[in-house]
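The chain that follows stands alone, in the form predicted on its own, written as structure tokens.
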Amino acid sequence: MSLKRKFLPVWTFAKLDVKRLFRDKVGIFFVFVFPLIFLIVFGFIFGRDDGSVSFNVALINQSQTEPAKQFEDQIRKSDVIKVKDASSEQDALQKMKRGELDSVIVLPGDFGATKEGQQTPSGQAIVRYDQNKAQAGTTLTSVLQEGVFKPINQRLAPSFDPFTAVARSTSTEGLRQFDFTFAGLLGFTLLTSGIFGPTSVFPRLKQRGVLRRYSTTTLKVWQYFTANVLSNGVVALMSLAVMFIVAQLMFGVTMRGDYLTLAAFATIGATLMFGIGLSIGGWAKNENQAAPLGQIVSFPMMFLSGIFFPTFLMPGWLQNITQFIPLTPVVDGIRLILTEGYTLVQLGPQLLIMGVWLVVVYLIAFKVFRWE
């Protein structure tokens, strides 16, 4: 049999499956409308700067003086300023660029030193912030000046302020919290289209006897699987495109990567998620079996893969586990493409984990699939 004849049923069933989806109101809801509801809700929550006076900052203390140590101790006790760990100033600026930090406070090496001709120590704390966090940067500077330095200044030299804070922009545009969340919502879209679809469609086709009739033809299992993978990939990309259009028009989402790279990576992610749904839907005899199992599999991924909140907020031991969950590398990869402009070559670790899972889930799918 020629290659063209082998793949003819694949193209035929792929087109039929896409048409079937657009005739299925429930399918349209879960693939297109359901993710958009989450997008709009999270967009209105995180898509705008709320002017909060609670700050996540990194403190880079380059001084060994006693005033510098006292300053560090004081802001670590603050309820307004939350000091996060950073290995260096460059590391802190990178975290701020990704939206993990609101700003970076730098104490230069001469902070707290007594300069020649002066009787009291002095210094200047530098507050680094992104352009789109200008309000947070100036507010934090004011908090440091009035809440931290003013009592010290009045105690050391009532006539002038030896310790001050100055704000300096990094001249780069950082990420908003919504930009970080949006990547997770794209992963959520792939999850819903890849798992919830097959777990409802395949058991329904079995109950109607459709798959039984397919089994009496020359159609092979691999041809049927390939057709469904292709149709699901096309529909998933359409759903992501709708999400992007709405996010751009309503919330001005940031896109730093390449759209073709994102499309290629998302297609691999959609194939992986569909393989999980195919394993469940292909094994289950009816929807009563498939629906609960689909929820058991999808809910942990939904909350442990960084969809709604970043995994770096989790305990270290849990992060070590969640990085091997099938959806985690998908969400991480999408987020790195959107927020840092990664290429497929740079996403090698994520693609490796996804590749292993692809082999595992499709071996399971072929093993457990039954026509009736």
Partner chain sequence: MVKTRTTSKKQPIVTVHDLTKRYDNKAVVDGISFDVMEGEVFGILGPNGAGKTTTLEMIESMRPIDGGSVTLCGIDVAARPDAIKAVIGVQPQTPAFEEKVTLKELIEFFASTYGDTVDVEAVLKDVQLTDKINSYPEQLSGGQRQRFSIATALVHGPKVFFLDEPTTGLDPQARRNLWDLIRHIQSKGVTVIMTTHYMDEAEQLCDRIAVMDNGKIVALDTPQNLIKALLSRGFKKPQHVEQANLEDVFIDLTGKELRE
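Just so we're clear, the structure is a prediction, and the values are computed from it rather than from any experiment. Residue numbers count along the first chain shown, from 1.
FYI, the form predicted together with the partner chain isn't displayed, but the following is about it.
Judged against the partner chain in the model of the complex with a 4.5 angstroms heavy atom cut-off, the residues Leu8, Thr12 and Arg208 are in contact without exception. Contact with the partner chain in the model of the complex, judged by any heavy atom within 4.5 Å, is made by just one of Tyr214, Phe180, Phe111, Phe149: Tyr214. Distance criterion of 4.5 Å from any heavy atom to the partner chain in the model of the complex singles out Leu219 from the list Leu219, Val297, Leu93, Leu107.
Per the 4.5 Å heavy atom criterion, the partner chain in the model of the complex is contacted by stretch 200-208, the sole one of 263-271, 113-121, 136-144, 200-208. Interface membership of Tyr224, defined by any non-hydrogen atom within 4.5 Å of the partner chain in the model of the complex, is confirmed. Not displayed here, the partner chain is kept clear of Val356 by more than 4.5 Å at the level of heavy atoms in the model of the complex. Proximity of Leu16 to the partner chain in the model of the complex falls within the 4.5 Å heavy atom cutoff.
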